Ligand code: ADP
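Shown next as structure tokens: one chain only, the form predicted on its own.
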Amino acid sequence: MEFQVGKAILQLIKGDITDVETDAIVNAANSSLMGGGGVDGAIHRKGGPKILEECKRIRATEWPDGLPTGKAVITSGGNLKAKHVIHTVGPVWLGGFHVEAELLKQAYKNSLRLAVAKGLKTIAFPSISTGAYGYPIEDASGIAVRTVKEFLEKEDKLEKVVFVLFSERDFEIYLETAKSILAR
């Protein structure tokens, strides 16, 4: 499903983000940047050792204590179809009383800013924080879609933003959210 937002296309697809051919895919990373479960593990496994080596360099030089929640960094895409991986740390859901919504918004916004700063035109996101970090997908999808919409309305450098949802349920939730936010 596609929506026009500003000069860009916002697309929703069901699939595996590691198979998407965009300038960058976003990794819902943990602060260590050393790989993990879910999307993070899949990206590191399929992308190969080059991504991990670059993450180790980032940890050694820029973020020795780990990447803070809401921040984003970029590596090459290794063996992936995407040229780059933007790693961002989403918030762990703690009931919604610990600025989780603002931190999730920053994870999306900082990933988009980094893509533009690097001259990229296309970027794909998973549903950040809704797996092991437990963020309710209904709430997270609204934050994700609204944040991308607001960014694309102000910034015209990106051509396409894709949300890649792994399950049919997640895809349907994002689709309903996008329709309610974008089809006005």
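The first residue of the shown sequence is 1; numbering continues from there. Since the structure is predicted, the reported quantities are computational estimates derived from the model, not experimental observations.
Omitted here: the form predicted in complex with this ligand. The next part is about that form.
Of the candidate stretches 59-67, 129-137, 115-123, 147-155, only 129-137 has residues whose heavy atoms lie within 4.5 Å of this ligand in the model of the complex.
Shown alone here, residue 17 lies within 4.5 Å of this ligand in the model of the complex, counting heavy atoms only. When contacts are judged by a 4.5 Å heavy atom cut-off, residue 39 counts as touching this ligand in the model of the complex. In the model of the complex, residue 28 approaches this ligand with a heavy atom inside 4.5 Å. Among heavy atoms of residue 164, some come within 4.5 Å of this ligand in the model of the complex.
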